[in-house]
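Before any questions on binding or motion, here is one chain by itself as structure tokens, the form predicted alone.
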Amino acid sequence: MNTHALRILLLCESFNSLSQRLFVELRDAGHEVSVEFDIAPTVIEEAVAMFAPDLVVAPYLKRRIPESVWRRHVCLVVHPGPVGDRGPSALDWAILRGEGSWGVTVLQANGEYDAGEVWAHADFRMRAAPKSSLYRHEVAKAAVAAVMAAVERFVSGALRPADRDDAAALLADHDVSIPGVRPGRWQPLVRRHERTIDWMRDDTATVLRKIRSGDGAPGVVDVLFGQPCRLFDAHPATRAALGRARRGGAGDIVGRRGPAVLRRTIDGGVWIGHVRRQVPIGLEGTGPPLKLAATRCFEAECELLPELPVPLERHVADGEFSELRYEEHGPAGARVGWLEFEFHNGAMSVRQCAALRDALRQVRRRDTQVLVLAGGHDFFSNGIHLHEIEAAAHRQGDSAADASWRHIEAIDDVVLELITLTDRLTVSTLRGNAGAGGCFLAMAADEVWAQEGVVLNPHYKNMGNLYGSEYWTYVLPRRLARRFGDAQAARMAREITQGRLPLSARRGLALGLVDRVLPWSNGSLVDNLLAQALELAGHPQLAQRVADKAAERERDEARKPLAAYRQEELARMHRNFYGFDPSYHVARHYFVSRKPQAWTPRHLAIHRDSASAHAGGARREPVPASPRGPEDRS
């Protein structure tokens, strides 16, 4: 067996965050990786025949791998639970029960759910966080470690189950396990009533656990302003906020801030940031039920609530929920400004873009030498807010095209503020993933620092052949040219944006899209990032770097003004939004309404390229979609 590279087929319901993370990690390790969505059993059988994989890995599936496949090939399933856990709601139950530690198990498919031989396992400590956040960070990190261990074991030929005493010892040490342990505890799907909030009895901690256990999907069924909906994105309220809010009892909605409404509990309160109304909204109820900011979904009702703003500049220790926060660190002359923005799922609405633009204008008046643009914990940014745009398609007097135009102009304004901030160094810090316009927002800074494990998607074409703006035609070639020269930069920019593939932070470092990759550590990543920013602010060559930066911006502007880049990009975007080709609008609608996948895109399913298909299988027309929807990616 080739010990350096395997042909690995990823089977998944959709190309979600974990699937993408494993895709980039396996490719970076030198393996040839192809992807097939679980459209139908016959499609999986066809993919296996065409690709002839050495190994099949299933990071995210909702049904069994066909017996015709797992009997002939080693198929490894990634289960987000520790050894002994079985069932579809592993992480949900862990949050509901307040587990202190949890894990990920890689086991071999055998026809029973989560019941095959264990190939590898990794543990992690639980955070008080939403399920979606744990999934993107702790689960993903543990899954990568366990899958890589399983792949190494496969390569070495260690296919026989090991001695059970050895396996038990490894499990006792909470280390990576080896084959031979059969899990047996089945946990059923979390039912609706098990997440239902009793506002007259549940304390704040219980309310938070229930909402966090369903965050991402399926949410918690509840009622707001007399309307049935699902709740997401919950945060604890401080005593200070409750003291300024309207009086009321448990369950009452007593204030608003940014996207969220404040609801009292028996011992405090929670901010509820996002909801999905069960009854479609819009023209004659034609709109799909979309996940939107609570204050956006119930605009008229929220107008009657007191607004409870907080100042932009404040310390994180105050514990106040807010989308934006700024603070400063370090001595005069070597001072760092830290501007943090936490937008749910990285989506940026017109309101949020305007708030970030105004914050950048405010902090540029401060005497700092380095400005850190710190995105959220889960996402730096994913660009324009597709749910908000879809909602506009069903609003009287508005349209998705007009809303798209407003959004792209608004985020362009944010990027422009960052590019033209030439009197100090700017740093984008990526603690979470970045996609589409969010990638190019990050690259507009002088330096990009990313945590190990971050996945970048620096392209737009997956959203219906969207061209993209955010000054990407300036910032991407500029970054590539610094590493590879002007001649190669244009070609590489085309390859990156046309290829439509995710990139790991380390691959981004090799390409010059990222300047530093920070290893995962048990300590505070923010403390690490801040320490490096302070070191940069105090560097003896900082003043020269800033002067060189300002001179470069002047030369670039003389060569081609930023306004020209924007005008050219927006001309292409205008055709995407208003032109005869509806592919962007169709793709956006399918994405936000969680339509099932109809086929696997060819840039992922490399086995469907006849040149790489071992079995010589001919290309087929897309298979009709299955009736099951993909993971909630909103």
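Predicted model only: the values in this text are computed from it and were never measured. Sequential numbering from 1, following the sequence displayed.
Keep in mind the form predicted in complex with coenzyme A (COA) is missing from the figure; the text below concerns it.
- Of the residues given (133, 422, 451, 457), 457 alone sits with a heavy atom within 4.5 Å of coenzyme A (COA) in the predicted complex.
- Interface residue among 431, 291, 264, 212 relative to coenzyme A (COA) in the predicted complex, by the heavy atom within 4.5 Å criterion: 291.
- Each of 347, 384 and 594 comes within 4.5 Å of coenzyme A (COA) in the predicted complex, counting any heavy atom.
- Stretch 462 to 470 is the answer when you ask which of 147 to 155, 369 to 377, 462 to 470, 478 to 486 has residues with heavy atoms within 4.5 Å of coenzyme A (COA) in the predicted complex.
- Contact between residue 82 and coenzyme A (COA) in the predicted complex is not found at the 4.5 Å heavy atom cutoff.
- Contact between residue 436 and coenzyme A (COA) in the predicted complex is found at the 4.5 Å heavy atom cutoff.
- Proximity of residue 255 to coenzyme A (COA) in the predicted complex: non-hydrogen atoms within 4.5 Å are absent; the residue sits far from the partner.
- Taking the partner from elsewhere, residue 216 is found to have a heavy atom lying within 4.5 Å of coenzyme A (COA) in the predicted complex.
- Contact annotation for 14 to 50: residues with any non-hydrogen atom within 4.5 angstroms of coenzyme A (COA) in the predicted complex are 16, 17, 20, listed in sequence order.
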